[in-house]
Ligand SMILES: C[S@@+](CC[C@H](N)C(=O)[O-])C[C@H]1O[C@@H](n2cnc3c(N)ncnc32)[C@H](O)[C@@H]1O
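Shown below, as structure tokens, is a lone chain in the form predicted on its own; questions about how it binds or moves come after it.
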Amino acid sequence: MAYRLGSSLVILPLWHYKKEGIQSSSSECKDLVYEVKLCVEDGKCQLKLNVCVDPDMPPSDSSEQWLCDVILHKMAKWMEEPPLRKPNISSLQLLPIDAYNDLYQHLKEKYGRELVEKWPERTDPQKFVFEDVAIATYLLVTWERERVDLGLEKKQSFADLGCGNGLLVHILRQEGHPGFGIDVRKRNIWDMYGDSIDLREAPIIPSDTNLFSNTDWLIGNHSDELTPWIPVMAARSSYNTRFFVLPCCHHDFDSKFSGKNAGESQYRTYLDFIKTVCEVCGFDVLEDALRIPSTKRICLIGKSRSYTTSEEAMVDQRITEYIKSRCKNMVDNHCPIQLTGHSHGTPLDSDNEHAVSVNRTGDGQLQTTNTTDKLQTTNTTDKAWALSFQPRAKVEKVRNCTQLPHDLTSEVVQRVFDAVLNAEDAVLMCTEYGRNWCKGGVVPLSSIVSLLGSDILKRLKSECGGVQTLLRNHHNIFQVSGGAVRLRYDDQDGHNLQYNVPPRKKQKIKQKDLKQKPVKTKLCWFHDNHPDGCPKTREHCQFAHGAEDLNKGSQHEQN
């Protein structure tokens, strides 16, 4: 409990206790009361800590030391940080709510329910379908208002960079907007859309050969490594190109984004970075929060420029210098803009017969023109703006330690098993089946790490998760919890009885988990490798004790 007295804060610690059958309660601990006071001397702020102890009680050196070494330093650090920015939780600030709600309900009925039922991907359709419906609604309302404000007749064209499952492209095309999507990897659902939807499988390298001068809007919906490049590509495609980005994973121009501003979350810090990129590219940046089932729901929009066409060359040079300051291996392959008001390089958009361009005249006024020239599609790395930029691999690497060589996996399992079996606290138990069985001891993961050596750890780390992931993949042998490894022994009902392990939070049981799992489809590892054999009898073990015990039709596989 804290009491404020002028510039001082008096704190009374609370004892919190709970007895079985009695509701938990708290009481004041008057044995150790401390006061934190803010003092200003010679223009400098200082924190002073006064500890008030009960003279009748023995002094507690550890408590006083903790107050001085921990609490006082933390409070001083908090005082140096700027106040936390108040989060803007309001959504759809840039759109009329009624228009958005009406269109969202219409698109949800038109596309959502059918797509959820037919969803061929492994991802959750309830999330991804209705999230893309909401994003499509936001863009369609935004574009409709833009046509009204600028007096446009034709619908805007778009390019979705890193389109993923292509659902956003599908909805926008079905609603009459010409455009296409590009992704490094084709998804199963692409074939379901039909030939009318233009989805292209290709990597996108930010360069002069990958521009979109005849496309009105560039879209970056969770576009990962392309996110910081999309404002740059929009600025260099043409003076007329606009963009919409929904940042998610934190990427810099050529690496993972790192850094966190004081008093802000890492997500907010990353949003500020992308916003800075947009401003460097000369855009008047708008920020809004979408209504989507995601924690990363802040979008940035660039519809207008903060400069005139006569200043394009200057802004273009500013962009080059900014990218150079952040890239590890920056090579200036960019051809500077020489003719103001014109795009440069080779555009990547080929479906441009309906494109509508919005031009700004020398006095800043907007005017519209139509473009009908046919363009070619190219995609090379000869003139990449940053040689250190790495697009996502076409084939997603399985990184859960399931694709490691069998010899390496067996070696790690055997080493860890020997360490647990021969641990100092190893125990010989009598199982409920009347067998004497050594259940080993408890070995900290830190000891396992030092046991394996750097070469093996590097190979495991490249598979994401390292040794802990591999051991959990072998959950029939090991139990990993509390930063330690044990041998697994379950009773007849599948409950682990051998260790006092804190219970996990209650999880919702899925319907598929209620189905009886097949037994005797794999060989029992303990039966073949443990010096005492399997702790269970052949009849009670769900694994096969020898090849003759395998179910018919099952593969001869070691569990």
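Numbers follow the displayed sequence, beginning with 1. The structure displayed is predicted, hence computed values, not measured ones.
We do not show the form predicted in complex with this ligand, though everything after this point is about it.
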* Using 4.5 Å between non-hydrogen atoms, is residue 488 touching this ligand in the predicted bound form? -> no
* Partner proximity in the predicted bound form: residue 435 to this ligand, non-hydrogen atom cutoff 4.5 Å -> no
* To do: Classify residue 202 as contacting or not contacting this ligand in the predicted bound form by the rule of any non-hydrogen atom within 4.5 angstroms, answering yes or no.
  => yes
* Though only this chain appears here, would residue 183 touch this ligand in the predicted bound form if you measure heavy atom gaps against 4.5 Å? -> yes
* Pick from 441, 391, 263, 125: which has a non-hydrogen atom within 4.5 Å of this ligand in the predicted bound form? -> 391
* Asked: Can you pick the one in 210, 137, 221, 241 that has a heavy atom within 4.5 Å of this ligand in the predicted bound form?
  -> 221
* in the predicted bound form, do 154, 178 and 198 all reach within 4.5 Å of this ligand through at least one heavy atom apiece? -> no
* Structure fact -> Given 452-460, 296-304, 265-273, 162-170, the stretch touching this ligand in the predicted bound form at heavy atoms within 4.5 Å is 162-170
* Listed by sequence position, which residues of 224-241 have a non-hydrogen atom within 4.5 angstroms of this ligand in the predicted bound form? -> 224, 225, 226
